[in-house]
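Quick setup: one chain, the form predicted alone, written in structure tokens, and binding and motion questions come after.
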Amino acid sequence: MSARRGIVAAILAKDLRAFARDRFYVSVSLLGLVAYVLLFWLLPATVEETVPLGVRLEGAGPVLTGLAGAADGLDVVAFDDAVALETAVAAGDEVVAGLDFPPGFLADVAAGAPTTVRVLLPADAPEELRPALTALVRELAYLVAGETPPVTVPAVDEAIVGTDRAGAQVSLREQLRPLLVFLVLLVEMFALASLIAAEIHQRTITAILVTPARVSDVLAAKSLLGTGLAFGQALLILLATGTFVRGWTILAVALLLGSVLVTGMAMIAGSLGRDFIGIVFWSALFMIPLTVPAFSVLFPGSAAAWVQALPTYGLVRVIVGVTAYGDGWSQVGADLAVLAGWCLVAFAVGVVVLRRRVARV
């Protein structure tokens, strides 16, 4: 047994030297880590859950207070000058839209006289914002006049489908965290696939098998190399982004499973790809679907059924759940179990494909 461990260690040391001599993958790995960390810390860490609305309404402080309370998530910013309001709406930094009430609006509405309110919108404002602001002006007019609206609004019983994230939305920085982990894992998958394909093409594996080394020793060394490199760099990216503040044991298990998953797929890609173009093709064939769950976090709403069926969906849920919402083992246990199942499938297929490829060399 000790002799076999020594052989595996020797093959592993040889693979590490081969990886270190490849300047392209070493440079991409190092530059990628630096770029990912800088990008992470430059992104906003908070989420603005209120809509700033600029309003110019002379002598109506209490009315503006009532306007702010009329709609949840509305932040009313008072302006004294119409030009200043227009400038703020055009800039889009302080407010997203504006309501410019004419002088004497309160008196005209109370007396029943016709009046006109300007709704100021930027050029890129969504279509849904215009009718919402128009309805808000009408409601304010009825409020000032002391009259009830002509239409009785039916009672509404709200029901939140899924998890209610109101007041606890995920910032862009938190949303990007699983994507950064995936980029690190996928780069290492591509590097391992290239190393395997190069050894098969150059018949390095044939030379190794002439020695007392067995095919199982080669497979063990490649598995340790791929898993170790992927896990180590993913761990570095999480440490550099301050992720291991809580739930570090869960994250470590999730990263280990993700590393095993990409190692198995790297074995498949490296065994099937006979040259650089073939490696790129097979690696991209795995990379594109695997990154879809990480991108789905950037968009609100529940993920589609086919996205949830992807192998990396559980890894995304675990990273987001632990880092953003403080989930524990009970909340992420099912996702880890599904991820472990995918790891077994991918790794088993990778070992079988690589074993057959090595046997034909």
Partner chain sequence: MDAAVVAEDLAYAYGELVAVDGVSFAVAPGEVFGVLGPNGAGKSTTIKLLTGQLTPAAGRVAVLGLDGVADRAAIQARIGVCFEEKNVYPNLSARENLRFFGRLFGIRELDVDALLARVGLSERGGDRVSGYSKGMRQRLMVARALVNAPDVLFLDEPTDGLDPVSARTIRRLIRDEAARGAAVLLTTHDMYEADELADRVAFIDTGRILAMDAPEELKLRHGTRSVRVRLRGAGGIEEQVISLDGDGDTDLLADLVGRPEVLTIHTEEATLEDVFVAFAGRGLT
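Positions refer to the first chain, counted from 1. Predicted, not measured: the structure shown is a model, and the values here were computed from it.
Keep in mind the form predicted in complex with the partner chain is missing from the figure; the text below concerns it.
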property	result
Any non-hydrogen atom of Leu219 within 4.5 angstroms of the partner chain in the model of the complex	no
4.5 angstroms heavy atom contact with the partner chain in the model of the complex for Gln175	no
4.5 Å heavy atom contact, Ala111 and the partner chain in the model of the complex	no
Heavy atom of Gly228 within 4.5 Å of the partner chain in the model of the complex	no
Segment that reaches the partner chain in the model of the complex - one of 235-243, 89-97, 179-187, 201-209, heavy atoms within 4.5 Å	201-209
Sole residue of Leu344, Val352, Ala337, Ala10 within 4.5 Å of the partner chain in the model of the complex, by heavy atom	Ala10
Residue (of Arg214, Arg130, Arg138, Arg274) lying close to the partner chain in the model of the complex, criterion heavy atoms within 4.5 Å	Arg214
